[in-house]
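Given next, in structure tokens, is a single chain: the form predicted alone.
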Amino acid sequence: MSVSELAARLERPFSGDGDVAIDGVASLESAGPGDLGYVRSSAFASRARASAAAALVAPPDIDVGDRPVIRSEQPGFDFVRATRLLHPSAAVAAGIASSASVAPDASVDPTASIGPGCAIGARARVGAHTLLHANVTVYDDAEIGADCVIHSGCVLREATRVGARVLLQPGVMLGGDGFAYVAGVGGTIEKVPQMGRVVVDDDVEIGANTTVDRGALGDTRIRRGAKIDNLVQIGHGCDVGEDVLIIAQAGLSGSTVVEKGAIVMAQAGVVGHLTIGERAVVGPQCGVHKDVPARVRVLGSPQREGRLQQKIVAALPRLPDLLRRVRAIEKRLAPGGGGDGNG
């Protein structure tokens, strides 16, 4: 589409030749004629001027050279929107593959697409325009809403609920049993029955090989707009709030509450029955052993307030020299050590 049409659909102003045609997107370095690029900030201005991109999305008042430019206060966000306009998702080819197994009493919308090797259990439901790639397993009584994309190898255990416009990357497991055991007589270990469900709200995305355990009694909940990366473990009974981000290899123990807009970064581990407050940030590899207040940033293991942890880390390289100096002082102050012994 033309620059002027693209700007209109983004509802952003533009300058330059609005008739320039855009048919793709690319980085500043690899862009060529017909490509749209974007400029994050003034730090990228020189790269933008050297780019061969036909047009750019850029913040106001940044000189990007003699070419059409769509102006945006959030260029990265609007570049993503432009990408979706220029490269819309392919329409789902409705139908059920001959090798799929669908229970007689399951409900599959006529506009849904069920790929080869899928298995859909009794009383399960698949919504309109939803795409199940090959070898997806949907247990009895599970429900998937409209316009979802479920990639190969995903498993949705019994009674799992998935809302609309949910994206599950390959290998996601929803509704597996939580890790819950009690010690019995003589030290025997008894498994705690997991009677709850997993409920995933609308517009959630979950990365490859992530697991979300079903609740022991109540539900495990992933709320609207949450984005969960690859290889994440969500324990039974957790409540992940709206627009939460959880990054790769993080783990939430059972009954953890992550409130709206919080971020849990890579390889962080959270002890169960804790609350991570609204818009709090848990740093990478952080060991969280107590509640994190809203809008507080914690780092380190065990967790510490972010600025304190940064000071501790900055001090660590100075410890060897500090220890050497302390030992020298102790030696001088010791009886017979060359000092007066009186401190």
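Sequential numbering from 1, following the sequence displayed. The structure presented is a predicted model; accordingly, all values stated were derived computationally and were not measured.
This next part talks about the form predicted together with a further copy of the same chain, which is not shown.
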Taking any heavy atom pair closer than or equal to 4.5 Å as contact, tell me whether Ala43 reaches a further copy of the same chain in the predicted bound form.
no
With the cut-off set at 4.5 Å between non-hydrogen atoms, does Ala50 touch a further copy of the same chain in the predicted bound form?
no
Would Ala112 count as a contact of a further copy of the same chain in the predicted bound form, using a 4.5 angstroms cut-off between non-hydrogen atoms?
no
Heavy atom to heavy atom, is Val281 within 4.5 Å of a further copy of the same chain in the predicted bound form?
no
Sole residue of Ile62, Ala54, Leu274, Ala26 within 4.5 Å of a further copy of the same chain in the predicted bound form, by heavy atom:
Ala26
Suppose contact means any heavy atom within 4.5 Å; which members of 181 to 202 contact a further copy of the same chain in the predicted bound form?
Tyr181, Val182, Ala183, Gly184, Val185, Ile189, Glu190, Lys191, Val192, Pro193, Met195
